[in-house]
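First come two forms of one protein chain, each written alone as structure tokens, so that there is a structure 1 and a structure 2.
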Structure 1
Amino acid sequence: MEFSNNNSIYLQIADRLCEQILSEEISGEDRIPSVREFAADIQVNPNTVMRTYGLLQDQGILYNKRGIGYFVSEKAKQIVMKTKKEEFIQESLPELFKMMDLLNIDFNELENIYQTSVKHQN
């Protein structure tokens, strides 16, 4: 796994897990890899993974069975959905719209780019 330099690694890992939960690649009650295993897998310091798991646990997205491992909680998708949506609407979008204004990009142009990008996904 590759990491950008803008964001801290443990947050990038968290984001990736959240995406997998949203897209249901992993879902309620699945066991996720152990800290060490995951760390080895993505070539990262175990402390870093620990930090990710801790964060997601605090948010109720993961839970821990002592001695066994970490699991995706039943409400995980719901929580992630809510959190991300709030963040998206209240933080990302306003910034985005402001940028569009400064760059003189109107909504039609945005729609064009969107249609194009959707086609490319097929």
Structure 2
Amino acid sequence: MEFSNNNSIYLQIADRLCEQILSEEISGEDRIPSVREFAADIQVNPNTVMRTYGLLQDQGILYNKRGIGYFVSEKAKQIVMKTKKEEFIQESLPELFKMMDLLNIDFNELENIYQTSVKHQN
């Protein structure tokens, strides 16, 4: 996993796990790797992974079965979707709208760009 300097590593790991939940690479009731396994896989300190798991557990995305490990909660996708949507609306959209205004891009042009992008992704 590649890390950027923009955000704390544990938050970047949490974002990646949330992306995997949204894309259904992992789903509700799936067991995720242990703290030590995951830390070794992505080459970070186990305390960093523990901090990530703790954050996601506090948000209701993961839960711990004592002695067995961490699991994705049944409602994880809905929780992540709601959280990411709110984050996008509050943080990303204002910047997008500002740039659209500065560059004189209207919604029709944006829609065409979006449609083209969707076609290329599929």
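Along the sequence of structure 1, residues get numbers from 1 upward. What you see is a predicted model, and the numbers here were worked out from it, not measured in a lab. For clarity, a rigid core is taken as the largest C-alpha set superposing within 1.5 Å between two forms.
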Here the form predicted in complex with another copy of the chain is displayed as structure 1
Is S23 displaced by at least 2 Å at its C-alpha between structures 1 and 2 when the rigid core is overlaid? no
Superposed on the rigid core, does the Cα of N7 end up 2 angstroms or more away between structures 1 and 2? no
Core-superposed C-alpha displacement of M100 between structures 1 and 2, in angstrom, equals 3.9
Rigid core fixed, the Cα of L110 shifts between structures 1 and 2, in Å, by 4.7
